[in-house]
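Form predicted alone, single chain, as structure tokens, below.
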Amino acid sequence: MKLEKSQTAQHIIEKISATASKVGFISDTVLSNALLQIENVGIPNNKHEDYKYCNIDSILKKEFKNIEQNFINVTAINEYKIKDTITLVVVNGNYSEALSDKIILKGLQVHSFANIDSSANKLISTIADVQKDVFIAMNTAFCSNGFYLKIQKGEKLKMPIHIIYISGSETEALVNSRNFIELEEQSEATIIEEQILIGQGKVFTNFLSEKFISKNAKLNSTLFQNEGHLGYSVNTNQIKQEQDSQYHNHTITLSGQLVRNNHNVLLAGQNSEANLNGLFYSKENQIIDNHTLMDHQAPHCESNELYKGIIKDKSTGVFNGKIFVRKDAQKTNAYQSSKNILLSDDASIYAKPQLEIYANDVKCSHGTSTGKIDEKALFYLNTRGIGKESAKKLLLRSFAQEIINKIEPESLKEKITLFFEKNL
């Protein structure tokens, strides 16, 4: 579908191009295909079905008229660190070796894209297809100097890896942040990705992560988003799983003026398992848009999704989840659920769970529910001497706790709980 492109959109692309790192880790063929995709598709607006409730072309025209890229120099990150983790830092899309911890864990390798070897270089863009989404193409064409992370074969990391993405500018700015994470056979890791915004300028971040989980490998991951009213972002996670692998993810979105999450999981090897859990809280006139895809390509695989949303004021929440079961993916078990609470009459939630099944021996289900605070429960708490506002917060915490309780490690769970309760 070809979309009308505006002068503003062209201006944005020119600004990205002017500040992108020229480190040469994208092959000429992939780069050409990415640029062609941008030219053919343009910036999505609400005429594009996948961006129906998230008109990014209009938002960029309105909010990013004067892009100056006046980035902030980050020199300290201690206030963001989580205890008992290995910290890696990305500043305005560029991996910072100086701010990151020295790698001391056996089996863990981290290199900036500018310093990776040819074998790692060949992996980039093998999972994220530039023809699938224009923001993948844009990131591929204009990404900064991100990083490649590998857990070596058979290694089970005992310490979580905390990746901090700090974006900051004193003026309107655009950032294309990218990584490639590989878990080799029989390896295991816990990875925390946290997105932080500093400074006084609006920042639009186009984030892309490719994650390859090899045979018998296991990845536990959390994406924590809390960028405030100056943060605008499109975040794409492209996951590929091989045989007997496990992928567990929790996406927690507590603020951001615009947050679009694309989470696409390819279950390519039999007996693989994927679990996606999401919690989002929107207020004022924010837009939080979660799109997921569970692509079952192999038999005997299982996927589970549970997304919960709390939407208040005039904000908008979206959950669009698709379970796609291919012809050869017999004995698939796939389940999906979206649950939402509206806290005001002006708040909006658009939930669209989908099943597309081409195999005949499967167990699949999806469902969605939306409502308001349970008045009977609220009344019960009031009669027990708990004030209306306190009772309301107690019920919202109870609603969110099912997701928060799944998060590891405990230090991250405590941090997210603290931020969540401050937002209520």
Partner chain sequence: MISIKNLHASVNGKKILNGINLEIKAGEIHAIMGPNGSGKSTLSSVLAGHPDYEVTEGEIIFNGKNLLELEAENRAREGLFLAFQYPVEIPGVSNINFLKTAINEIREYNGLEQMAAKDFLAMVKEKQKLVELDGKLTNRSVNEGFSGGEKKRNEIFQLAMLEPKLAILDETDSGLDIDALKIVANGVNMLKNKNNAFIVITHYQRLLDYIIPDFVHVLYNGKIVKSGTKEMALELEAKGYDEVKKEFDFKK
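Keep in mind that what you see is a predicted model, and the values were worked out from it rather than measured. Numbering follows the first chain given and starts at 1.
This next part talks about the form predicted in complex with its partner chain, which is not shown.
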Quick one: of 41, 59, 395, 35, which gets a non-hydrogen atom within 4.5 angstroms of its partner chain in the predicted complex? 395
Interface residue in the predicted complex among 29, 390, 66, 46, criterion: non-hydrogen atom within 4.5 angstroms of its partner chain: 390
Please check if residue 382 has a heavy atom lying within 4.5 Å of any heavy atom of its partner chain in the predicted complex. yes
